[in-house]
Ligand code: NAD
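Coming up is one lone chain in structure tokens, specifically the form predicted on its own.
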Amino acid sequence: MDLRLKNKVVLVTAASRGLGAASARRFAEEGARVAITARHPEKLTALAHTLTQETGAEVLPVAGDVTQPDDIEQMVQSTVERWGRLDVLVTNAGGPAAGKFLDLKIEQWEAAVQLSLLSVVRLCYAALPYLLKNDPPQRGSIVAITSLSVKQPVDNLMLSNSVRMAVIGLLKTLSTELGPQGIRVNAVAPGWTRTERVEELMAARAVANGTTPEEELKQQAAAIPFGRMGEPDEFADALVWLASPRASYVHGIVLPVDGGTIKASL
């Protein structure tokens, strides 16, 4: 299926590894022009070069930190200066610290709000003036990478369970406000996927439980109906479709990509 993304301009944040990198690759494979951001310029530049070599797409690395307002403005401005427009915004950030309520300090709560909530707010403020310049009826798309924790709390992830719910409230309200103007707003809720972030979480869980990361990985995979964790490419396939014009009537949803992990009813 042609996702109608050829020459569309896409900005993906936190894209140097994991789900962000996999999503950027899939956009590039679809012929989009992709700006990728992350905090580490060397790794980001190397990935941009690799994606261009392997897909033939134009890929722009823009180093920056989504917790810094000036960096967010620069991410969007650099993208628009390069290609003259913006069609798709994918918001992403590393997850907040693991831990139970009594183990966390108020400073960690404040950092989690900056990282997981205010980064999305600021990216939307920066991107929307350019999305709204596009021709109707489909002016653009915003997709936020969240977590299955917005549907079902995850043990030892108090900060993620709490703050990411605020992101969903933001997005659902934006979908109501922006739908009449031709901007689609959605979220994707990844389940347990084999990324560096999940390996870090399994290591933290092992410390809390007195086990090993390997034991925690095996136990978590066994709790998934498929009996395995997802792969980043499987997640990227769903996200890129949702962001594309092919999903033209899908709006205001949270799409789980979790192998059936969420136990809530359909």
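Start at 1 with the first residue shown and count on from there. Rigid core: the largest C-alpha set superposing within 1.5 Å between the two forms. As the structure is a computational prediction, the values presented were derived from the model and not from experiment.
Below, we turn to the form predicted in complex with the ligand, even though it does not appear here.
Student: I'd like to know whether residue 184 contacts the ligand in the predicted bound form, with contact meaning heavy atoms within 4.5 angstroms.
Tutor: Close contact is absent here: in the predicted bound form, residue 184 is far from the ligand, nothing within 4.5 Å, heavy atoms only.
Student: Answer with yes or no whether residue 14 is in contact with the ligand in the predicted bound form, where contact means some heavy atom within 4.5 Å.
Tutor: Yes - in the predicted bound form, heavy atoms of residue 14 and the ligand come within 4.5 Å of each other.
Student: Although the ligand is absent from this view, report whether residue 79 comes within 4.5 Å of it in the predicted bound form, heavy atoms only.
Tutor: Result no; residue 79 lies far from the ligand in the predicted bound form.
Student: Whether residue 145 contacts the ligand in the predicted bound form should be assessed with a 4.5 Å heavy atom distance threshold; does it?
Tutor: Yes - in the predicted bound form, heavy atoms of residue 145 and the ligand come within 4.5 Å of each other.
Student: Is the ligand in the predicted bound form near all of 18, 65 and 95, within 4.5 Å of a heavy atom of each?
Tutor: Checking in the predicted bound form: 18, 65 and 95 are all within 4.5 Å of the ligand.
Student: Mind telling me which stretch in 173-181, 124-132, 146-154, 101-109 gets its heavy atoms within 4.5 Å of the ligand in the predicted bound form?
Tutor: Within 4.5 Å of the partner lies stretch 146-154.
Student: Enumerate the residues of 37-54 that have a non-hydrogen atom within 4.5 Å of the ligand in the predicted bound form, in sequence order, or give none.
Tutor: Read in sequence order, the residues that approach the ligand (within 4.5 Å, in the predicted bound form) are 38, 39.
Student: Does residue 205 show a Cα shift reaching 2 Å between this form and the one not shown after rigid-core superposition?
Tutor: Yes, the C-alpha position differs by at least 2 Å between this form and the one not shown.
Student: Please say whether, between this form and the one not shown, the C-alpha of residue 229 moves by 2 Å or more once the core is aligned.
Tutor: No, shifts by less than 2 Å.
Student: Quick check on residue 217: with the core superposed, does its CA move 2 angstroms or more between this form and the one not shown?
Tutor: Yes, the C-alpha position differs by at least 2 Å between this form and the one not shown.
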